[in-house]
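This document starts with one chain, in the form predicted alone, laid out as C-alpha cells.
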Amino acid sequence: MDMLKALVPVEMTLASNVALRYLCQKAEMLGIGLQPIHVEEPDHKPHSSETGWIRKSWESGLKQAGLEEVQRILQNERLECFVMPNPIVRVGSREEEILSELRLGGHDLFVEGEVANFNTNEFRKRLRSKLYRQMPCPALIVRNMIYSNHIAITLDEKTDMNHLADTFCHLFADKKIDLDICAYAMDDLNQSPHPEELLSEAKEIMTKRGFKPLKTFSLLGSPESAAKSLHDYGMLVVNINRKSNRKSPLTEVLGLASNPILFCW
C-alpha cells in the first residue's frame, strides 16, 4: 500500500510541536508521511497598504519568511519519520488556505495540535468551524504526547459505525492494532439502542474487517468520569455528526479528554 499523506500545520507554538512529535511517533503505525503546511496571515502582520508590485513584493517576502520559519522548526525537532521535503507555504487566511489544500492536495489525514484546556465550549467551537465542517478527510486533534498505541473506538447511539469502520480501515490497513470498543451513555436506562447492542454490532463490523477488539465495554456516568476512565488510551477514534449544532454527551466527553482524538467523518 502507498504511504498515506498527513497535512500538518507547522507553527511556532507548543501545540504544533506536540502534534509533530506525536504524529511522528505514530507514523509507522499509520504508515503515513508528514506534509508540512504553514500559512502567513497578512492581517496579523505589519504590512504595506500599497497595491500592485509593492504589495506582491511584500507578500513574497512574507512567504519566504514563513518558509524559513518552517525549516528552522523542522530542523530543531529532528523528527525521525518521513517528512515531505517541500513544505507548503501560503499567504492568506489560515482556515481558507488549509481547506483549499485539503480539497486539492489529496491528503488522507489532517493533523493539528491543541493545548488542552478542557473548555468544552472551545472544543465545540472548533468542530463547528468552517475548516472542520468542510474538510474532506479525517482529522486528528493532538492534545498530549501519549506513547501508548492502544486505541479505543468510542461510540454512542448516533455513531455511524459502518462509516467509522471504512475510514479506520483506510488509515490502519494491514496494521496490527490493539483495539478496544467503548459505548458511552449517561446511563443504561431507556437507551435505545442499549449500549450492549451498540457494542455487539460494532464488534461484528470491526471483526469482519479484520480488527477484532481485545475487549468491549460500556462506560456510564458523567462526561467528567468517562473522560478520566479513557485517559490511558493513545488515541480515541470517533464518528460524530459535524453538521449538527446540538450538544451531545459524547462531545462533552471528548471536550474533557486529554487523549489525541481521531475524527472519522
Partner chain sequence: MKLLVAVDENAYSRYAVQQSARLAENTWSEVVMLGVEKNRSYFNEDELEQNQAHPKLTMLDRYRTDFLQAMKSDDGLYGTSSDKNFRAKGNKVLEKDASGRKHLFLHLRSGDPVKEVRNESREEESDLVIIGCGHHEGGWGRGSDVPGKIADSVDCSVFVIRENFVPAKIVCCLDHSNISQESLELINQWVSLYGAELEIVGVLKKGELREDLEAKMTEVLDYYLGHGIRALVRVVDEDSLESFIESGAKNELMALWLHQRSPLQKLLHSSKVASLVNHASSSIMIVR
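Numbering follows the first chain given and starts at 1. Since the model is a prediction, treat every value here as computed from it, not as a measurement.
Not pictured, yet referred to below: the form predicted together with the partner chain.
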Self-check item: Check all three, 14, 118 and 231, heavy atom within 4.5 Å of the partner chain in the predicted complex
Solution: yes
The stretch from 152 to 160, 176 to 184, 83 to 91, 108 to 116 that lies within 4.5 Å of the partner chain in the predicted complex, judged by heavy atoms, is 108 to 116
In this chain shown alone, the residue from 71, 129, 144, 191 with a heavy atom within 4.5 Å of the partner chain in the predicted complex is 144
Might residue 257 be said to contact the partner chain in the predicted complex, defining contact as any heavy atom within 4.5 Å? yes
- Query: Might residue 21 be said to contact the partner chain in the predicted complex, defining contact as any heavy atom within 4.5 Å?
  - Reply: yes
